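First, one chain by itself: the form predicted alone, in structure tokens.
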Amino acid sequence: MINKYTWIVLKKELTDIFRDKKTLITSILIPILVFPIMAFVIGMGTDKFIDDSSQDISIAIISEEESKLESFIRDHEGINVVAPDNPEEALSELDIKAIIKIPQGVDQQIENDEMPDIEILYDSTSTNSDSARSRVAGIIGEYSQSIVFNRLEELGIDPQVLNPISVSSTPIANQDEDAGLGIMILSMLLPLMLTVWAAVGGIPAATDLGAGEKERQTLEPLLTTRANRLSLLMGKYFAVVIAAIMGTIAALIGFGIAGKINPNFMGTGSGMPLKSAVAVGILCIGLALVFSALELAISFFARSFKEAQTYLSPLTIVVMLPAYLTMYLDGKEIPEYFFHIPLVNTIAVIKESIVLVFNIQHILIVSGWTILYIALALFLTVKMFNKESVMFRS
């Protein structure tokens, strides 16, 4: 199967791939750039959200008399009380972020142990207005709590009676909150990145080495050489696999750059043990072997380069769907049947590795299925490549 002709074809196809700027941009440059750009955009959005949250919010208070509650709100840090001519119009234009309506006689109602109704008007379509509503509600809650504490003290009761249980949260050994955040982000993004690029990273190369050669009419001369069809196919196949692996490595490099650009993008996280990293790497290569064969078969079936692109485009959606569906899957509680579902099983092993679970049984199960998928995909590709009606149809 693998002989000197296979290596000659492989060398020739790799030379063509590295010579083609379009393939290099699609398979290498874009995977490197996509995550740094994502980290930069997320960082900008996070910084803006933090800045908006830390700034004073402008609100209006509608009341017929001065009250202790109004004074408490006015004196609270981060609140800027303004008096627009038309408060509701100002709110609709977001000149103010919320309106507080305080009923008349609120102080007297509180002294009489009655419950006054305080109304907060806000714009539910605005995140800033909704955030302001939450902050204002929290301030009113503080005032309400202070009244409760004063009443209890007047009755000679310790206000701590309202908090009979003290709760503290402590991460287990060798963990902290930042590490947990990093692991959570990694478990969502890393499986998506590895599986998607391993599966679809070879599409540009497969499109060019199959349908592209048919369209350029360079496939027929290649078939007349001394190399048999299987040797030619294996040379092309391994070139597509290498392109897919290069795309995955490029995506990993981009992921690392993203972490440098925005450290909060991944948190501090925990390092994956070497044995887990090796297992994940082998399974991702297996995924590349499976999908490279399928992509090459589809490319050979297509009549033209454009037709091959049309056929191969939905493959990206097919790959991304299980990656998104399992994004919030807990790596420590993965159902057993997940390890028997194509593509999902590879994602499951990656998620286990991220949370430091090394289950050799799961790895062997997924490896067995992957070998079967590779055999079936190669069988289909060989059948397609040997059909004259497919290879030379126009």
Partner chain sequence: MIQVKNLSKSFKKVDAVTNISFEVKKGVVFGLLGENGAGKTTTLRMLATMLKPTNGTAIVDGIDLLQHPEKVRGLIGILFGGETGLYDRLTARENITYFGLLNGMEKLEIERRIEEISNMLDMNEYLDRRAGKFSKGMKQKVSIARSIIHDPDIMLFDEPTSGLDVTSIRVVHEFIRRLKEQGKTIVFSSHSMNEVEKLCDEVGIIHKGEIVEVATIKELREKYEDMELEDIFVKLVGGKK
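Residue numbers count along the first chain shown, from 1. Bear in mind the structure is a predicted one, so any value in this text is a computation, not a measurement.
Although it is not shown, the form predicted together with its partner chain is what the next lines describe.
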query: Of these, Gly141, Gly256, Gly78, Pro221, which has a heavy atom no more than 4.5 Å from its partner chain in the predicted complex?
result: Pro221
query: With its partner chain left out of view, which of Ile110, Ala90, Leu189, Leu232 would have a heavy atom within 4.5 Å of it in the predicted complex?
result: Leu232
message: Glu65, Ser146 and Arg151 - do all three of these have some heavy atom no more than 4.5 Å from its partner chain in the predicted complex?
response: no
- prompt: Hey, in the predicted complex, is Ile118 touching its partner chain, heavy atoms inside 4.5 Å?
  reply: no
message: Since only the chain is shown here, I'm wondering whether Thr125 would be in contact with its partner chain in the predicted complex (any heavy atom pair within 4.5 Å).
response: no
message: If we define contact as a non-hydrogen atom of the residue within 4.5 angstroms of the partner, is Asn228 a contact of its partner chain in the predicted complex?
response: yes
- prompt: Though only this chain appears here, would Ser166 touch its partner chain in the predicted complex if you measure heavy atom gaps against 4.5 Å?
  reply: no
Partner-facing stretch of 279 to 287, 211 to 219, 70 to 78, 130 to 138, counted where any non-hydrogen atom is within 4.5 angstroms of its partner chain in the predicted complex: 211 to 219
task: Pull the contact list for 356 to 389: residues with a heavy atom within 4.5 Å of its partner chain in the predicted complex, in sequence order.
output: Glu388, Ser389
